[in-house]
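There is one chain below, alone, in structure tokens, taken in the form predicted alone.
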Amino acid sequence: MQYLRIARRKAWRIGLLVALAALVAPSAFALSADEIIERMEDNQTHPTSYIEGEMVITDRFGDRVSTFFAHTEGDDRFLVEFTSRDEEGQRVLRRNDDLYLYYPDARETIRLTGSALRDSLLGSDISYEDMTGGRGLAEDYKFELLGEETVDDRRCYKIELTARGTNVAYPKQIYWVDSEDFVLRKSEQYARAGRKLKVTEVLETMEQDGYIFPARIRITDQTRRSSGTEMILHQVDIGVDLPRGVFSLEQLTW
């Protein structure tokens, strides 16, 4: 009888320890939403880079392909120049919070502001507003970890982003971030009233110099009749020396 009482006490203690471990372990080892977003941004933000790729726009008339190359520095400076026949020489420059367009036929540079930022880039599902934003999501959004879900057989953290103010394109977003390599696998953008505006899906990733980042992305604007736009990166060189003055307004018109 004494042996039975001792055995029961041991079993109860073991059960209590297991229950406590189940409660403590997730909070001790799980990442916060802020840490997950930070790791994702580290993957996507490069000191400098040179990129070559194409944009495939699909609508009821079929596919239209626009090729481009780009120079980037951090997350707030880039120059995109289109090389396809219909858009050859057209450029988009971002410097910090400012976005400029250059049209070679008119030899004209336009600084985009206000409602013009909502215009479509070359008729695609990408707006110029999508090409702006803060120097980090944490400046513009609060994050909440909603749980985990599977996206294309990849286990992902599901995170809700709620805007801190009104100076962002999307008051609310949902991100699915890969729990293994911290690549953004999918995102949804919403209006303040809750209407879904856009869906972004990562179809392929690329690994380069220790970075893993989206290399083929499909964007679908839910507010227009479109079959979507794909951004495909063919070449990415990271840590390159940039041409002198590449982000200057003077160089933009050359």
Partner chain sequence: MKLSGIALRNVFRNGRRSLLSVTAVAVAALSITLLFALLEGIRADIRHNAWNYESGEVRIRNAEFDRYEYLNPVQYVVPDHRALAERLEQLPQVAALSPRINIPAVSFRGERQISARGIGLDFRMEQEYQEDLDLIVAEGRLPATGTSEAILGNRLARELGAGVGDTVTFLTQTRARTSNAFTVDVVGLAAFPVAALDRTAFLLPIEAAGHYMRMRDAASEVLLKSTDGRTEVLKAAVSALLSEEGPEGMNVASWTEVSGGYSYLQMADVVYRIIALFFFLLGSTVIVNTTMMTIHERTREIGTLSAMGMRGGQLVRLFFTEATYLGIAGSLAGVLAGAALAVPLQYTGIDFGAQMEMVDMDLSTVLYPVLNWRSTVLTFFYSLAVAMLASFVPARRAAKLQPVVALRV
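Quantities reported herein were computed from a predicted structural model and do not represent experimental measurements. Positions refer to the first chain, counted from 1.
Not on display, but discussed next: the form predicted together with its partner chain.
At the 4.5 Å threshold, heavy atoms of Gln90 reach its partner chain in the predicted complex. Although the partner is absent here, Leu112 lies within 4.5 Å of its partner chain in the predicted complex, judged by heavy atoms. Shown alone here, Tyr100 lies farther than 4.5 Å from its partner chain in the predicted complex, counting heavy atoms only. Contact between Asp86 and its partner chain in the predicted complex is found at the 4.5 Å heavy atom cutoff. Checked against its partner chain in the predicted complex, the residues Gly194, Gly210, Pro47, Gly62 give one hit for a heavy atom within 4.5 Å, which is Gly62. Contact with its partner chain in the predicted complex, judged by any heavy atom within 4.5 Å, is made by just one of Glu144, Glu148, Glu180, Glu108: Glu108. Candidate site formed by Ala70, Asp76 and Leu79: none of these residues places a non-hydrogen atom within 4.5 angstroms of its partner chain in the predicted complex. Here the chain stands alone, but in the predicted complex its contact with its partner chain, taken as any heavy atom within 4.5 Å, falls in 53 to 61 among 211 to 219, 37 to 45, 182 to 190, 53 to 61.
Along 146 to 175, no residue reaches a heavy atom to within 4.5 Å of its partner chain in the predicted complex.
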